[in-house]
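Have a look below at one chain only, the form predicted alone, in structure tokens format.
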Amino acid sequence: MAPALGMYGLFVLRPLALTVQYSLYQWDGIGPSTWAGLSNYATVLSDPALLAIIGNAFKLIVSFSVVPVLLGLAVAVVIRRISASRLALTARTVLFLPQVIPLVAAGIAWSWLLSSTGVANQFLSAIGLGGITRAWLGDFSTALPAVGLIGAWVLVGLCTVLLMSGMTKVDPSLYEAARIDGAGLWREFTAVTLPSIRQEIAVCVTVTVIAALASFDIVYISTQGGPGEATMVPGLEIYELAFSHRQVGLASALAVVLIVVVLACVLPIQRLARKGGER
């Protein structure tokens, strides 16, 4: 236990404490630092550009969390019903494939697919929708939804597998009792399946919300925050502030605010899941 706690303190708690410390100074990362107090936090919470960047992360929750969880639920139910066929195994493999592909490779591949001459636009042109083609990751109105599409593609397989693992633990007698009572497929799903996999749903929502708020790699590879700052997210902005603009104090303050935002979103989800499980 002691070695594990020591490693946790060294690689998690100490960097976190240093981040809080740096956030209270004006520092370029090299020269002397100057005490700034809470001015960096005031900047983060009052600068319209930084608030818009935090807002982008919340917008990604729809694509990174809501869509994968709902779609994962639907797919998991279908696969459970055809679990005896080879199609179920193939579907699980295909859906989970994004989890074993490096996100850098996935981001590059999707950048090609969604480019002005990519497969997506070629397909739209082939079916007579050439008028709506565009550089999906380079257009101000579609760049953030396109990034959300990539995130949904990455996370839907993980949600499906987690939810399926929860469904396998549901007592089959509960479904039999529901059928005897005359429950249809929808009633069976809402009365038996959903309450039984509450914990798995909470895990999926927690993981995907964190992925949305702390997104970095997909955005960095596919758009680098562009066009303009249409897809800039806090994780990428922290990197830019610290290493490009040499504003380590402001970057650290934004990082601390991001941690607080993540905790404020995740802890209520966990609390609701625990309360539901105790009933």
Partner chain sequence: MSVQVRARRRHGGALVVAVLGILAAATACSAPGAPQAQGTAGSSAAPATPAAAATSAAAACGTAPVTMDAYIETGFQVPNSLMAEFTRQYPNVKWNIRQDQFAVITQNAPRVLASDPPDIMRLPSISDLVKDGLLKNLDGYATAYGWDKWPSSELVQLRLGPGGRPRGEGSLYAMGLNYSMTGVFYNKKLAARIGMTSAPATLAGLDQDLAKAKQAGITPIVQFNGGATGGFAFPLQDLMASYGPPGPINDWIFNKPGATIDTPANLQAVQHLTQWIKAGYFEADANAMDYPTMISRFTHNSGLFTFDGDWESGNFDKLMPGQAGFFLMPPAQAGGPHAAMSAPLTYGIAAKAKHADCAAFFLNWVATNPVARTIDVQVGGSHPLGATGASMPAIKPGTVTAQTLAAGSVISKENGSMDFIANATGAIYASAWTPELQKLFAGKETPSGLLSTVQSDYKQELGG
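Positions refer to the first chain, counted from 1. Remember, it's a predicted structure, so these values are computed and weren't measured experimentally.
Unshown form predicted in complex with the partner chain; subsequent notes refer to it.
Peer 1: If contact means any heavy atom within 4.5 Å, which of 206-214, 65-73, 51-59, 222-230 contacts the partner chain in the predicted complex?
Peer 2: One stretch meets the cut-off, namely 222-230.
Peer 1: Is there a non-hydrogen atom of L263 within 4.5 angstroms of a non-hydrogen atom of the partner chain in the predicted complex?
Peer 2: Heavy-atom contact with the partner chain at 4.5 Å: absent for L263.
Peer 1: Would A135 show up as a contact with the partner chain in the predicted complex if we use heavy atoms at 4.5 Å?
Peer 2: Judged by the heavy-atom cut-off of 4.5 Å, A135 is in contact with the partner chain in the predicted complex.
Peer 1: Can S33 be called a contact residue for the partner chain in the predicted complex at 4.5 Å between heavy atoms?
Peer 2: Heavy-atom contact with the partner chain at 4.5 Å: present for S33.
Peer 1: Are any of the heavy atoms in Q270 no more than 4.5 Å from a heavy atom of the partner chain in the predicted complex?
Peer 2: Close contact is absent here: in the predicted complex, Q270 is far from the partner chain, nothing within 4.5 Å, heavy atoms only.
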